[in-house]
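Single chain ahead, written as structure tokens, the form predicted alone.
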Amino acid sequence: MNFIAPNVNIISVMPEILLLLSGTALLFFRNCAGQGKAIPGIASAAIILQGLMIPTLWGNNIAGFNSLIVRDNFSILFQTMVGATALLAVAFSHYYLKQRKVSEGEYYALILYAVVGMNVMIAGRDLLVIFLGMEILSLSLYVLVGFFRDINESMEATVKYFLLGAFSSALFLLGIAFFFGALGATGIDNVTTAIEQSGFNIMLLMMAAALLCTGLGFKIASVPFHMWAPDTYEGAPISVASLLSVAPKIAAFAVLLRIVLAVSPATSQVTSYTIIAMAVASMIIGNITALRQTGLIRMLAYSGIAQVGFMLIGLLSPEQEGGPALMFYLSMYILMNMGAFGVAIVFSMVEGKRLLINDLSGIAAHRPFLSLAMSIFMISLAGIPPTAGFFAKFYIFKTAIEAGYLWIVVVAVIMTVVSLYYYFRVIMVMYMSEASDKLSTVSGDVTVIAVLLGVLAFATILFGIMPGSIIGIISKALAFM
């Protein structure tokens, strides 16, 4: 019996090795003296260093572990977006945690482990490898959501997140089983070969595609797998909620895009119906439910569900312009949604208390810069020019119309109009309501986080006016597909 050694190629997983070593070092470093600023600094340095390593692989298509992991331009771009989101979350967390006497080593280590999981999901070319990345991500986030064990809301949020997360994992595993039954393998690239040779079971493959899409629907918080999001965002530390609201969606959409591109030639009808149902339901339920929310974080949670509905439209024509439109939307979503959560962190009240929209009454008189930044983020999320959110929605709608989905665009436009109410309500409360004493002053030095928010706000405007550079990079990343 001949044994063939696997082609490991450590270079293909060097960024993940760096993050794992850094996270493990933080666990040992957490009890050392003078760790206050060093721990977030180490976490930030690890994310930045792995971010610098990833672009060096651009255009090389480095494969490892017998092509179970592939570093192509597609994965590099998605991993760069995840790294940027994690870096912002680390910066926000430093401000959020510095007034709470907790051990920060485990906290930042879990963020690094979550990034490892997302990187594996994005670079994986085999469904079992992708599932491994999903579980690494999920286990890290379960602990982060309930990091403050003395807060009942955090414990409740963790339990809900864990139970529904286990259900979504079961759906994804069942999808893998049907995928293997249809093709005799779990590699995504096997679909093309099987279609060319007509060696697959179409019914099993259709069921696999539907189950895989719905299993990933939990990670992106699309309807009907959205129930966990509002309670989890509200119960988790706001800095964790900011990471949870963006980064897992980027990784899950990367997997969804690969799966849809692979299986759509054989299962175009069932995948289209599944995506349409999730997109329309997410837009309608997310926007309608957000209208009656009084809590800011809860409103942002339902806003995120609605935004996912818009993003899903890009999956209806991924082989045309839908893929680049989706990636552009995700990159702009980092700016506006992380920015909104960053402002919420600065405005957050005493530990254990919800931040209500009405608590922002008249805050513009005391914090004009932060109020302006929040207004820009709200306007961009609503899709009003000249912000990045406007062009992101315009690009998505354009691709859907060209693919023949005009009626979905009509629904999306109507829901965009509906969203104006709750987004502009935040702006009106800040600028046109009588000042409240609750948030008139914000304790601590917020210079660093204010600078970050200013950069995010400026980029939100800049890429709304000049989106061409980002679109050009995305088009090159998808050229191989």
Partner chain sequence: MGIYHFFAIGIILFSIGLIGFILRNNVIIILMSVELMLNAVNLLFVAFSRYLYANPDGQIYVFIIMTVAAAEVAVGLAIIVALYRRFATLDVSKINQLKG
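The structure presented is a predicted model; accordingly, all values stated were derived computationally and were not measured. Numbering follows the first chain given and starts at 1.
Note that the form predicted together with its partner chain isn't included here; everything after this is about it.
Figure note: of the listed segments 321-329, 385-393, 76-84, 172-180, the one touching its partner chain in the predicted bound form, with heavy atoms no more than 4.5 Å away, is 172-180. For a residue to qualify, one of its non-hydrogen atoms must sit within 4.5 Å of its partner chain in the predicted bound form; none of 278, 333 and 368 qualifies. Only one of the listed residues (270, 132, 403, 409) places a non-hydrogen atom within 4.5 angstroms of its partner chain in the predicted bound form, and that residue is 132. Residue-level contacts in the predicted bound form: of 96, 347, 302, 397, one residue has a heavy atom within 4.5 Å of its partner chain, and it is 302. Contact annotation: residue 224 falls outside 4.5 Å of its partner chain in the predicted bound form, judged by heavy atom distances. Its partner chain is not shown here, and in the predicted bound form it never comes within 4.5 Å of any heavy atom of residue 375. Its partner chain in the predicted bound form comes within 4.5 Å of a heavy atom belonging to residue 158. Contact annotation for residue 235: at least one heavy atom lies within 4.5 Å of its partner chain in the predicted bound form. Contact annotation for 276-294: residues with any non-hydrogen atom within 4.5 angstroms of its partner chain in the predicted bound form are 292, 293, listed in sequence order.
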